[in-house]
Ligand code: SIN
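Here's a solo chain for you in structure tokens, the form predicted alone.
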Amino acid sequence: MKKFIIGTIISVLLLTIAIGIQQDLLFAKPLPYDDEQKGLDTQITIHLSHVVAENTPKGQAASKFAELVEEKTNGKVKVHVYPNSSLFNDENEFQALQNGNVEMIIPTFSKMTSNLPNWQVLDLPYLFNSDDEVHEVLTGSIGEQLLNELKPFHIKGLGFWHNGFKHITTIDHPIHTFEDLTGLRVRTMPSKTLEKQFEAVGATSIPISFSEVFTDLESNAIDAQENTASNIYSKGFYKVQKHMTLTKHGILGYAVLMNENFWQSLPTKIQKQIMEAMKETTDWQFKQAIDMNKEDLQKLEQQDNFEVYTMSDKERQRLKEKLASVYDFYRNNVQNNDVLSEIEKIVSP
């Protein structure tokens, strides 16, 4: 009986080996290594920090980007979005990105001009006449050229997003002419070009973190600020200001940035999927920004104790001529004037 059992076991083992050889399982060679598959078996987390409300063009685009990344990577990459300066504010987010304390940020391009002086070109007053012109510049070769300037900082530039055209809000009196700006303390982002812009009309530029603007307006530490309709509405600036003048004197936009070391750690396939999500989000975001600013402007016009004015074409032309000196400042203080020349070929006269 014992010999029978042993014989049966040996027979089963021999049969198993024979079947394995027949099916090419026992001595199967390992699959060739595919670099694009590296890391795809584990979930990747991206922390994305920004400083504005979720119900803004940037806030909604950040959420849209997160959705598309998860969709295109089949859940392999999860983007966690932190709005309203809940993780980092616009004073420390760039350093946090460089240090690897966060994987992604979306700062205003104006905020980046202290490190990238050439980016001041986007702050020039009355440079653009339409959202279509802005889209062509920021998503084309000029935008790519500007993003490439981030390489020495070990930052990967994924693209630019648009918020819309800026207008001016004040507390004491509306801005009908540029003379009405004389003597006002105006909050701006830390850009030399923006500083020169208000200096040219006799106002004082005061750079303040975006998260502090409401309280500084409320306490009368500043008299005025420039922003898009969507930011003015979402942050409630109309509650502590009385007047808004539609000047359309400049644009507000953002650079979508990622830590370079983190980017390089991603599998090639994941990088491609993220860039696909970025392009799709950008196209969606430009249209969304236009629609949202239009809707929020209508809401602002309906607010009690808040008046919205439109600067006349004549006065806008006078303001534009008054601000021509800002272009001279830019040309004399940047290394590359070719970017301005290229933009001027695109924008309407």
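No experiment lies behind these values; they were computed from the predicted model shown. Throughout, we count residues from 1 along the sequence that is shown.
One more form of this protein exists, namely the form predicted in complex with succinic acid; it is left out here, but the text below deals with it.
Although the partner is absent here, R187 sits close enough that one of its heavy atoms falls within 4.5 Å of succinic acid in the model of the complex.
Succinic acid in the model of the complex comes within 4.5 Å of a heavy atom belonging to V51. In the model of the complex, at least one heavy atom of F210 sits within 4.5 Å of succinic acid. Residue contact check for D90: one or more of its heavy atoms lie within 4.5 Å of succinic acid in the model of the complex. Partner contact region in the model of the complex: 225-233, out of 225-233, 177-185, 146-154, 258-266, criterion any non-hydrogen atom within 4.5 Å of succinic acid. Here the marked residues K58, T108 and K111 all reach succinic acid in the model of the complex, each with a heavy atom within 4.5 angstroms.
Taking a 4.5 Å heavy atom cutoff to succinic acid in the model of the complex, the contact residue among V134, M104, V121, L252 is L252.
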